[in-house]
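Coming up, as structure tokens: structure 1 and structure 2, two forms of one and the same protein chain.
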Structure 1
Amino acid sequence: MKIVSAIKRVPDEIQLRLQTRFPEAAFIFCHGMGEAKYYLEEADVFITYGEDLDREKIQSAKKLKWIMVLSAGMDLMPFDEIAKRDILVTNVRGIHAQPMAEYAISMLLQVSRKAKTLIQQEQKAEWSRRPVMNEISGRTMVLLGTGAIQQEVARLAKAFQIKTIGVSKSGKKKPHFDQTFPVQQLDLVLPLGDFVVATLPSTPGTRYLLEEKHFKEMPKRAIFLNMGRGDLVSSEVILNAVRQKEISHAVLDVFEEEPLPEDHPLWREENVTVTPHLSGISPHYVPRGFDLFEKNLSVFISGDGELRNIIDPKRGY
């Protein structure tokens, strides 16, 4: 069995561990698709970020039985061709949960506890205990989305004795949520949110879901945090809400246009914190992705156990 990886810079220890554990497989670790494409023809298994595959490459990979996508978004995958060939596709859904949950808690602490003010004081060597560091403990969080990422956000929030209220399409109960509601009840839930945290993907149902009235419904002390997709709400609406003091702060990791243009007013708004879409980035990303791959490979070879994160190529998720 030939296993070809197009993932750049796979640490030596991971390569060695896989080769040792699966002697029946021949691993070819390539530095990106530019190199990997020469080995596709012989590949039984292909490991990729999923952005570099097209119909022709799938056709050339005549023996391909399994594509392991080291990513969660798969917008660029040629699923029609993959479905035709009945190739197994798995991905690393859930791998972003840990860094994104840390991002959310970290940013809520940063804003609540006045980190920017304290850092400014430090730069001026100013000893002042006036800034009021609000605690996040004991507050209420409204989470838009109740999937793997938000379950991890909610789990950490619960450690801080934060009340967690989830909003999803179905409103189905999920682990670490005190309450969950269907999106139709959004108007009833938003007034409770000291923190409103969004991780929603971009779908016809979520695009510009949040409008002016929703920010009016949030408490004036609310911190809004979006680390899902930028088209959940227009910059215009966020800027107005912050300027009108309908909410106290917005933390934004995603934007309608990325990179956020240098002259965009969001950069300079006092009560907006901008980060460059990095909530999901983690130095542990590749090791965690290969951990998942290793578990799946063991099932794939032995036939024992259940493969994780199987993607239905007809639906694309």
Structure 2
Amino acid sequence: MKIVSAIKRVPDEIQLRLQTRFPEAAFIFCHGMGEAKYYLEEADVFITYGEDLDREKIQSAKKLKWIMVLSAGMDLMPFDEIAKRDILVTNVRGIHAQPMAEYAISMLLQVSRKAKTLIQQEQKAEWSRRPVMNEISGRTMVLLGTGAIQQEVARLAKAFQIKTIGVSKSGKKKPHFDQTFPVQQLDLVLPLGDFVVATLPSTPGTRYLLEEKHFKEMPKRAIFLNMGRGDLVSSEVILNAVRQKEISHAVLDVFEEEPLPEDHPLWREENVTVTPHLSGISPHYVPRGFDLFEKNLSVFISGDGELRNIIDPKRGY
């Protein structure tokens, strides 16, 4: 069995651990797809971030049985070709939970405690106590999505006595949520949200799910935070909501077009915080991803146990 990785800078200790534990497998660790593509024809298993795969590469990988995606979002993958070949796909859903939850709480705090304004004042050596401070404690948070990331956001929110309301496709009860609702009742819960936090993937059911009417339904004091996918809502809708003061602030880590163009008006909007799609970044990301891969590889080779995070190519998640 030949296992090819396109993940850059895999730590030596991870490489050695895998090679020692699975001597029956030949591992090829490459520095990105530019190098890995030359080994795809021989690969039984391919480890990738997903966005570097296209139909032609899948077609060239004649022996490929399993794609391990070291990412949770896979909207750019050629799932039609993958489904045609009946290739197993798994991902690392869940390993982003801790860094993304910390990002969410930190952004809500920086907006509420006027961190941007204070930094600007510091840079100008301006002693001013005019910025109006707010607290996040005791508020209500509406979370779009109730998976592992949002469960961790909701858990951390409890330290601030925040009421947590989850919205998902099924509306099933999940840990750390005070209430959960199906997406059909989104209009019912948005008016309750002091904070609206989104981590939804890009699927046919979520693309441009949020429209102008939804921002009109949010309280004017609401902070909207999106760290899922940029096509949940158009930039124009967000800009309009902020400029019309339908919400107080938008924190955006994901965008319809990435990188966000330098001349995009979102950069210059006072009540918008822009971050460059980094909410899930952590020094522990790759080790956590390979820990999950190692567990799945043991099952894949032995046939004993259940694989985690299997993706349905027809649905894309």
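Because the structure is predicted, anything quoted here is derived from the model rather than measured. All residue numbers here refer to structure 1's sequence, counted from 1. We call the rigid core the largest set of C-alpha positions that still match within 1.5 Å between the two forms.
For this session: Please match the form predicted in complex with a further copy of the same chain to structure 1 or structure 2.
Result: Structure 1, which is the form predicted in complex with a further copy of the same chain, differs in this respect from structure 2.
Exercise. Which of 282, 245, 213, 41 lies at the hinge where one rigid part of the chain turns against the other between structure 1 and structure 2?
Worked result: Where the C-alphas swap which rigid part they fit better, we find 282.
Exercise. Rotation (°) of the smaller rigid part relative to the larger between structure 1 and structure 2?
Worked result: After superposing the larger part, the smaller part appears rotated by 19 degrees.
For this session: Keeping the rigid core fixed, work out how far the Cα of residue 85 travels between structure 1 and structure 2, to one decimal in Å.
Result: Shift of residue 85 at C-alpha, rigid core superposed: 9.5 Å.
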